[in-house]
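Just one chain is shown here, as structure tokens, and it is the form predicted on its own.
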Amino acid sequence: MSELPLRAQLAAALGKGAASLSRATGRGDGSVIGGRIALKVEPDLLSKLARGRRLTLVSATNGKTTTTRLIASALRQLGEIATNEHGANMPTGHITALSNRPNARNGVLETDEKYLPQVLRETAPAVVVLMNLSRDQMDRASEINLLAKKWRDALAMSDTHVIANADDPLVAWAGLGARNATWVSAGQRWKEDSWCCPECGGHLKRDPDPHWECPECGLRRPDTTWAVNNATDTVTDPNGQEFRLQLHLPGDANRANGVIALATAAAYGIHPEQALPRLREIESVAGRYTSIVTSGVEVRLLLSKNPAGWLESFAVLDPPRVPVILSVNAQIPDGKDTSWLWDVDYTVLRGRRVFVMGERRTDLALRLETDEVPFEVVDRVDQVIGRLKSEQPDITKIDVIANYTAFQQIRTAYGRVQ
């Protein structure tokens, strides 16, 4: 902090004070309001706080928060890390994260995909991590092809080292704008947003998976040096050496996050054997994958905010005998347009007891009815537990899938579980 100009020091101090007041009054964790106050005093504060640090920016539609947590955990071997662990992923949150750790020379910042070009320019990061791009919050976000173009243009103007998922054509095309890239085969389950070539618009040939190429312009999947094997739960590094992941976070999506984290740690000189034990310590991230036991029933929380995310959550559900609660809101953080519900295939829930709740339960109920999935409408999780306990006294587990604000409401009801 002492290296900052006086005006920047004052801005950072006022921001930290506002954040502390926000937490003390129970209005939030202070990540956003602190940054807003600081920017009022010093509009150029982010670039000043970033100066002299080695930063990594992590951006994607899904998995940003978890991957940021994994990378930060691995990099703590090098010392103190500045990171926005609560998910405040716009410049205001970045300012708070960097202000809170003025002596941290390394930082990992989750970055909203729309803000990545701006934050890239202002922070001059050492590494930019790109994982996936799919439709999300279409009432206020640009088309993802335009977003990929903005990423590509910004990276072309930077010397940053890009670590990117080569299996996602949009991400790969954006990453090809960089001068220095490490390509990772992290997988891509959701392909509905990337059947067309981002370069020329031609139809991509995607066989055999994960290979893809455009027969018209020649754009093709870059050769990779890191890869994850979901079947064996292993990662292969650039030397061909295999490592067992054995993460406590479930599913293929988190294996993808894990291989990206290992590749990023390697860019900092940290070997997978050193990074993996730190990654395995993580069992939940901001409430994701957390299980709460209430009235003798284990309730597992899964966050899903768009079609790709719901597809990944369906993949980690417990066996069909375990009921599932689906909850959807449409507040500003969620995006007010719920038409994306029609892009999700809910037929996988047939044969499972399904409960529907949330502010937009009617939209979700109609979608389930169309896919011939029986459901019951409820108001609260404890209502579901009470109903199940009266019918099945031996019930022991429920899965909950919710979009962003619905997820936070459920977390709050159970004391903001970590």
Partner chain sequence: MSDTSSRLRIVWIYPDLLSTYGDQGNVLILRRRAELRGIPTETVHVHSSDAVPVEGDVYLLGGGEDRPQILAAERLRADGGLKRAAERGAAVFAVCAGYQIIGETYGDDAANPLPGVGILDVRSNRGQTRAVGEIVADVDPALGVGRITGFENHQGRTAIGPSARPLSTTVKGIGNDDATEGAYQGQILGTYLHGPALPRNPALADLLLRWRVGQIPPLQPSWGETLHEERLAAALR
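Positions refer to the first chain, counted from 1. These numbers were taken from a predicted model, which means no experiment stands behind them.
Another form exists, predicted together with its partner chain; not displayed. Remarks below refer to it.
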Exercise. Which single stretch, out of 267-275, 128-136, 280-288, 153-161, brings residue heavy atoms within 4.5 Å of its partner chain in the model of the complex?
Worked result: 128-136
Problem set entry | Contact residue in the model of the complex, chosen from 241, 77, 234, 145 - any heavy atom within 4.5 Å of its partner chain | 145
For this session: May I ask you to choose, among 321, 105, 336, 189, the residue with a heavy atom within 4.5 Å of its partner chain in the model of the complex?
Result: 336
Exercise. Is residue 343 close enough to its partner chain in the model of the complex to count, meaning some heavy atom within 4.5 Å?
Worked result: yes
Problem set entry | Non-hydrogen atom contact residue 101 with its partner chain in the model of the complex at 4.5 angstroms | no
Exercise. Could you tell me if residue 355 has a non-hydrogen atom within 4.5 Å of its partner chain in the model of the complex?
Worked result: no
Problem set entry | Non-hydrogen atom contact residue 362 with its partner chain in the model of the complex at 4.5 angstroms | yes
Exercise. In the model of the complex, does each residue in the set 197, 200 and 366 place a non-hydrogen atom within 4.5 angstroms of its partner chain?
Worked result: yes
Exercise. What residues, if any, in 368-400 have a non-hydrogen atom within 4.5 angstroms of its partner chain in the model of the complex?
Worked result: 369, 370, 371, 372, 375, 377
